[in-house]
Structure formats: C-alpha cells, structure tokens
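The chain that follows stands alone, in the form predicted on its own, written as structure tokens.
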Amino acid sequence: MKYFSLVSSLSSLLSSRIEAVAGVDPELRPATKPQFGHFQSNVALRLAKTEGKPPREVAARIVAELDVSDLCEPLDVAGPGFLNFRLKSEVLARSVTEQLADPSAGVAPAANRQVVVIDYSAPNVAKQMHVGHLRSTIIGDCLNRVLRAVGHQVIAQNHIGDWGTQFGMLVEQILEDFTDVSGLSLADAEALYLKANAHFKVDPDFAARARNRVVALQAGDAETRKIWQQLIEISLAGFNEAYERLGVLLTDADLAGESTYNDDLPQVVAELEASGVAVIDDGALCVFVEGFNSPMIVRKSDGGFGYSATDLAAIRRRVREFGADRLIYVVGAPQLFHFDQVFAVARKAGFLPENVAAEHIAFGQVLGPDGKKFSTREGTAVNLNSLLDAAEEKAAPPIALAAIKYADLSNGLNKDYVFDVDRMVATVGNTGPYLQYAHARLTQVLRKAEADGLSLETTVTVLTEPAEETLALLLSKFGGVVAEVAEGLQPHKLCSYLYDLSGALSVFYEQCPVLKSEGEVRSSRLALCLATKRVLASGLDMLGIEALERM
C-alpha cells in the first residue's frame, strides 16, 4: 500500500483513520508549534463530554485503538488531552518522491468530471475594455485553468455586448458623418459611440432614426449589417490585443455575443408561454418568482427583448446543447440580484434542471490609491491598457502582469482592492513577483548544480531538519488545495498556499544549505528543490502567471 496517495493530503488520510476509531470528525489542525508535531486534535476533549470520562482517559483509549504506525511517530497526549501527531520523515520523503514522479505535480483528476461553462470577460463592442473587464477576465481565466487542471471539460463563453440600441445610434452617426469605418481603431469607435450617445439625448429626430436603424439591424438590412460587422471586427482586434497582453486563454472560438441568441428568443418566449411560466402583465411578458419583489420582464410591452431574455436563452443553450453540468458567471457584484433572478426563472421554466449547478462569482471593485473607486478625472472607468501601462512603467511586462493578477486573485473575490503599483510589483511580501522570484531562485540553484556536474535526483531520502519537513508537508497539500479551489472557486486560497510555500522555501534556504551539503543529503535537498519548483510552476500557471527562469 502506498504511504501517501496523491488523491488526498496526508492530513485527510490521517483524519479518516482517527474518525474510524473515534467515531467523529477529529477536526485535525496544523500544530501551533513545531514541538507539538505536525498536526493536533482536540477530539478526546470533545468525546469526554459525551462519554462522561476524563479527556486524557479518552485520549489514551484512542491512542491504544488507533494504528497509524505506518504514518506517524508514537503518538503524544499533551495537556488536558490533546493528541499530537508527528509524521515520519520517511513518509514525508516518500510523498515528495511520488509527487516528483507524477506529471501533474500531485493534482489528481476530479472523481466526478463535469462539463463546466464559464461566462467571463464580456466587453462591449465599440468600447475599450476597462477595469471591470480586467477583474472578470483575470478571475475567469484562473478558474478556467484550475478546472481544466483537475480534468473537467471547460467551455469558455465570452458574452460580448454586440446587439441593441447602441448600434442603432452608432450606425446612424457613422452614416450621418460619412465615416470610413475601416480606418477606425477601437478607441476611435468608442469616441464615436460617445458622440452618438450625446447626439441621441439632445436630438429627437436623430433618436427616432437611430431606433429605426435598430429595427433595420434586426431585420437584416444589408448596409446596416455591413457597418455593424465592421464595428465587431474592429472591437475584436482590440479585445484580442488586450487578451494577448494579459496572457489569457480566450480566443475567438469562445465568442458568444448577445446577437448569437437573437434567433433563440422567440423559442424561449414560446416555451415560457406554453408552460404558463410567463404571463402578460401591463403589455409585457413577465415571470413572477417567489422571493423577488418584482417580476422578470422577458419581453417588453413594445416587443423588444432585454438582457434577461438573452441570459435565459444562454442558459437554455448551455444546458441543452453543451450538456453543461455546472454554469459559472464571473460578473461584478452589482449584478447579484439579476443573476439570482435569472437562475430562479430558469429553474422554474425547466431551462436549468436541479442537477445543474449555477453560480454567480461576484467580485468587488478596484480602488485607486486614495481608496475610492478607480476612475478617470471625468468619472469614467479606467481602461485596461492604461492600467497595464502603469504597471509596466515599474517592471518588465511578465513581472507587471504577475503583480496585477496576483493582487486581484489573492484577495477574497467579493472584496474591493487597492491598485497600488509600487506595492504590487515588489519582490518581497505577499506579491506575484515574490512568487516569481522564488521560482527563479530555485531555477538558479538547479542550474548551478547541473553546471557543477551534479545529477538532479528525483528521490527524496533524507529529511532531518524541521525546515525540510515543513517544506515537504506543504508540497503534499498542493493537490488538496487545487481541488478545494476547483470546488469552491476561491483563487485566493491557491495564492495563500503558494505564498506559504515560498515562505517555507526561504526558511529552508536559510537553514538547509543545498549546494554546500554533500552526498545523500545534497541529492535529497536537490530533489526537494525540484519538487518545489514544479509545484510553484504549476500553481503560478493556474493563476495565469509566468514562472520566470531568471529575474
């Protein structure tokens, strides 16, 4: 039998054995101090209350019945009845050796592989991506990578805003100004949109023509559709430039704009009416769901459709055509009510079966150094490229990008965070560049070892120092952390783990010379370095951060 299965961490394996004897969850926790071993449990104190016996007597009974001799040193009962567990050094060594032999660095496939659809990024055509799209894109890309890493089939969906009233305004303004659309950049298109929007508000005749232009767009008018398509192509060029700069997985194959659901909307309405889920209320087609103080308007009284109808059509397609088991929407926190209602209506309509999970991964705002909403002097959202430019003024592009992504992902997603470039690009403290530096330092050690004619072993045999054991124990937890993030969709837990690992590595460097040691100790420490490098590289890749070889 393997001493350590990469499917679960050492702590969970130990927990299951204790629970089998004690009958309850041992609530195993990392030891508070090194002298207490690696793990501690207060299970005897909890059982003592129900059994009516002294805690130490209960602890002694558990120790007598529990066989963990293949994992741990002889058990220690401390204080009023705490159980202390110290893993055998050979068990830790073997766990790292097994991890080195595993191409996935200890990340096991999910027991229940799913089709997961992630909706993220979603910029609007004819508008530059801004700070809100930065968060959605970075978070969605991380979740995409983590879910793929554990073996799920991930289908990314970039639900761009490419339909609606704004295109009537834009096309009408373009025709009125005799604008050559082919020569526009995305920034030019956005400026044109702002002009058209202002024109729409003050000129009733222009507004009427713009509304008629929307009808022409929906009806397939050749001239209108040609200009609309040109605006999409200009926008996609700008979006793809930003995605390349961000180093994310999104491509044109992931596009699923609002326009792609246009033909589905009459079918959605027909099903809602046929089932009686939707009713006419004051001329509009509405769905009333218990728990919401207002209905969802699926079709307006003028016959038009809004975002809710499109989102219902998207859920319907993703479940029926893609076979989704799990739907994830990475959209800002202000849309919480909208998605709660959309999911509830989709459940009621049968578009979203009970066995398909639907989750809104809400995120907070990016704040400026003053702690206020990050915006321009005009009060508009800061565009994405300007944020990247600001970071790259302080550091090389891969380091700047690591700084931005880590700052975003290392906080709880629902929290706001401050965009402080100087702090974010630092190579000390809890930052992305700090993790990159840890990886680069490991690369340097291993490169120097090879230059000195040393072979890089893949077997850890000697763990006699506490710093070695701490590092080995952390490495064994990598797969469990990744599985937890894949389930709970909280990237900050992976960030925290990689930061702890880098900190443990720093202590290891200080207390355990690698190249200056000799024989089996040196070989073992080189293998430990190699294992740590692989885990750091794998974890950074899941965050969308480049694991640099040099810094």
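In case it trips you up, residue 1 is the first one in the sequence shown, and so on. In this text the structure is predicted, and so the values were computed from the model without any measurement.
Just so you know, the form predicted together with ligand ARG exists too; it's not on screen, but the next bit is about it.
Would N240 count as touching ligand ARG in the predicted complex under a 4.5 Å heavy atom rule?
Judged by the heavy-atom cut-off of 4.5 Å, N240 is well away from ligand ARG in the predicted complex.
Heavy atoms within 4.5 Å of ligand ARG in the predicted complex: does Y406 have any?
So Y406 does not count as contacting ligand ARG.
Using heavy atoms and a 4.5 Å limit, would one call Q335 a contact residue for ligand ARG in the predicted complex?
Contact check for Q335: yes, within 4.5 Å of ligand ARG in the predicted complex.
Distance check, F288 to ligand ARG in the predicted complex, heavy atom within 4.5 Å:
Taking the distances in the predicted complex, the answer for F288 is no, it never comes within 4.5 Å of ligand ARG.
May I ask whether R135, L388 and F419 each come within 4.5 Å of ligand ARG in the predicted complex, counting any non-hydrogen atom?
Not a single listed residue reaches ligand ARG in the predicted complex, so no.
Out of the stretches listed (344-352, 122-130, 168-176, 431-439), which one is close to ligand ARG in the predicted complex, meaning heavy atoms within 4.5 Å?
The contacting stretch here is 122-130.
Name the residue from F322, F292, F206, F339 that puts a heavy atom within 4.5 Å of ligand ARG in the predicted complex.
None of the others qualify; the residue that does is F339.
Let me know the one among L246, V331, A449, V382 whose heavy atoms come within 4.5 Å of ligand ARG in the predicted complex, would you?
That would be V331.
Taking only heavy atoms into account, state which residues of 281-307 are within 4.5 Å of ligand ARG in the predicted complex, ordered by sequence.
Only a single residue, Y307, comes within 4.5 Å of the partner.
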